[in-house]
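Only one chain is shown below, in structure tokens, and it's the form predicted alone.
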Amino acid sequence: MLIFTLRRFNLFIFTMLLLTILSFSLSFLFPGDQLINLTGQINASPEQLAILADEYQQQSGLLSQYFSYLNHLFHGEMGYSMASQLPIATEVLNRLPATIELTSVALLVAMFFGIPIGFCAAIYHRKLPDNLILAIAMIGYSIPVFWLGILAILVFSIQLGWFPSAGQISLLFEIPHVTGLQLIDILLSDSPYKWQAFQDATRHLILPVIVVALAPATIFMRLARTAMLEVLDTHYIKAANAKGLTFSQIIYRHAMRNAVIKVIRDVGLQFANLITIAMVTEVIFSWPGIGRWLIESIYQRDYTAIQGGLIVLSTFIFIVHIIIDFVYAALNPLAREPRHGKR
């Protein structure tokens, strides 16, 4: 496990270095002055620019400038937003929890529904339920996210009035900011109306979560179906069948656990796709997350925000990927050392 951890740690460091090099390079590729693109100080006086140039080693070579940029990043200094003139770190801390809350719930919903339905498809292989589930998965994966989001608002918000169409919580409730995760903050608050606020926040969450979770859920269906079919075709399942175990005993005691492990291996790869869908969904539902902020920054040509958002969002995706790798390694010891499985 130690070697596995060190390997993932080295991969994390290498990826972060590549990300910072890309982010640093963007300051040269964006139009305008490189120092202003890096710091976001569009209203700085010549004296302030001279101080910034000295801090960022502008008179030295590229390598020195890059290490100076890294030093600022390590201290949480990602410059100022060109649009709001607020520190990028503050903007990110205000918005990242909303994205974490939305994507985490959507991932759990996608796994909760997608994996069992995929198992059912494998159990009824080449029968009507299997064909029906595959058709639904194909249709669900093919629906454009923006169209699904607009359709959900039109039907469930405007026509039926069941769910709110925008925002994270009604303005009637004032919840103190503690963790930034709305549901957690509501539970931690002392408000006498916190259960009403919790219900309101949940109603705001339902439609965006469904829109974000639909495509990953269809992918999990197909992954779970393939994994279960592979497991059912293994020798130990045939041996269990030969011993006289019932089909339900084989599925629940032997096949399901091993099939879930195979699906978990691919969850990390699907998380980047889920984040991309969440960014579009945040715009449609006016969700106050980092994805919506990043897309607005692109429209406003807020170069400092684009660089900071790129690093933060990529780091978040990679950390989730590593956490899932550790979960997979904990469930499957052979994954900790690939050579051990070849012996």
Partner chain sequence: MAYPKLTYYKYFALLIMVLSGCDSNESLSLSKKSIIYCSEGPPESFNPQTVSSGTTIDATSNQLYNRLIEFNPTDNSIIPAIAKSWHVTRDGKMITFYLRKDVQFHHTSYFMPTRALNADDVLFSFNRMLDENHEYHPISGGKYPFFQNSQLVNLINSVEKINEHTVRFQLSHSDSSFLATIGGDSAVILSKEYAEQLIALNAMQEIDMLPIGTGPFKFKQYSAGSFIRYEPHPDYWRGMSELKQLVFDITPRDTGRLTKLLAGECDVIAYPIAHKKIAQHPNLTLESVTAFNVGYFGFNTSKEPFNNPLVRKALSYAINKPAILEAVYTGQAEIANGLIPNSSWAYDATIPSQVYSITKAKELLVQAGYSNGFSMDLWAMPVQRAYNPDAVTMAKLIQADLQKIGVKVDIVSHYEWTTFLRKISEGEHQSVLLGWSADHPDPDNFFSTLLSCSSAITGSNITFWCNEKFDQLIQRALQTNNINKRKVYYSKAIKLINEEFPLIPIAHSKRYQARANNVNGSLLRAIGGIDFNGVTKN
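Numbering follows the first chain given and starts at 1. Everything quoted here is computed from the prediction, not taken from an experiment.
Below: the form predicted together with its partner chain, not depicted.
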The one option of Gln270, Ser157, Asn258, Ser189 with any heavy atom within 4.5 Å of its partner chain in the predicted complex is Ser157
Sole residue of Leu73, Ile206, Ala83, Leu134 within 4.5 Å of its partner chain in the predicted complex, by heavy atom: Ile206
If we define contact as a non-hydrogen atom of the residue within 4.5 angstroms of the partner, is Glu230 a contact of its partner chain in the predicted complex? no
Thr226 near its partner chain in the predicted complex, any heavy atom under 4.5 Å? no
Might Pro116 be said to contact its partner chain in the predicted complex, defining contact as any heavy atom within 4.5 Å? yes
Its partner chain contact in the predicted complex: Leu181, any heavy atom under 4.5 Å: no
Any idea which of 96-104, 75-83, 168-176, 138-146 reaches within 4.5 Å of its partner chain in the predicted complex, heavy atoms considered? 168-176
Within 4.5 Å of its partner chain in the predicted complex, counting any non-hydrogen atom, which residues from 251-281 show up? Tyr252
